[in-house]
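This document starts with one chain, in the form predicted on its own, laid out as structure tokens.
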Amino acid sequence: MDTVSLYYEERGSGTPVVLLHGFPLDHTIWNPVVPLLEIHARLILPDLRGHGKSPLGQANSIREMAEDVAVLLDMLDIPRAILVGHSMGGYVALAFARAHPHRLAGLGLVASQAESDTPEKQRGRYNTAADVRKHGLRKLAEGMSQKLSAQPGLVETIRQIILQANPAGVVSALAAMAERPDATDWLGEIRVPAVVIAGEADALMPPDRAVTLEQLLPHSWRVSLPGVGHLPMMEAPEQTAHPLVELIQSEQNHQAM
């Protein structure tokens, strides 16, 4: 399997927590919650392949993105970690959980889902990829920044992150998301604590997807954030950090038993 060496940053110490960003962003989206979490855990913030400062590699799938994370944990000599994934990062976290269940200490899914794409959604991703190939990132940045958050103060920040992305990485990630398998039929196998965080004003992720995750994950709880869109960690850092601290503490309590 094709793996790449991910760019990453670290903060804090203690229980390892990997924060996985969504599409087409990078690790900096987590910056608002880092000060609230680093006093509780060792945070590892990678850029997923083809995003931020990480290379793209020769092939791409959500599974390969998950293997990149496993390789990073190997390099850091971390046998088990909590994975927290935002949107596409949630797909990667679920793929990691499927491939390496013994290495998963806890799971956080933020504005994410377990369902695969509908044929209509797949076509939309492929059309977007074709547009990026032909015209670059400007149209995507303009349109997506408005959908990712309704908070005017964040829209320009998000637009700039997208404009700095690798167009080839964006195209590759769109195909990886379109082709990802459905995860709903095996979520019951995940036996670690899991928290599902969803913004009630999310324009990109239907609210019922968070309900499904809570219903299918055996040891989970759901946090719904009023007035928050697709980027809870940027829009409501304290409200987002609180359940993640609970997740971290549940793993720490388990280790102390």
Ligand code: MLT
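Residue positions are given as counts along the sequence shown, with the first one as 1. As the structure is a computational prediction, the values presented were derived from the model and not from experiment.
The same protein also has a form predicted in complex with the named molecule, omitted here; what follows describes it.
Partner contact region in the model of the complex: 86-94, out of 100-108, 86-94, 131-139, 72-80, criterion any non-hydrogen atom within 4.5 Å of the named molecule. Within 4.5 Å of the named molecule in the model of the complex, a heavy atom is found for every one of Q113, R125 and M177. In terms of contact with the named molecule in the model of the complex, the residue from A59, V211, I39, L204 that brings a heavy atom within 4.5 Å is L204. Of the listed positions (M144, A150, I161, L187), a single one reaches within 4.5 angstroms of the named molecule by any non-hydrogen atom in the model of the complex, namely M144.
In the model of the complex, at least one heavy atom of H230 sits within 4.5 Å of a heavy atom of the named molecule. Within 4.5 angstroms of the named molecule in the model of the complex, the stretch 15-52 places a non-hydrogen atom from each of G22, F23, taken in sequence order.
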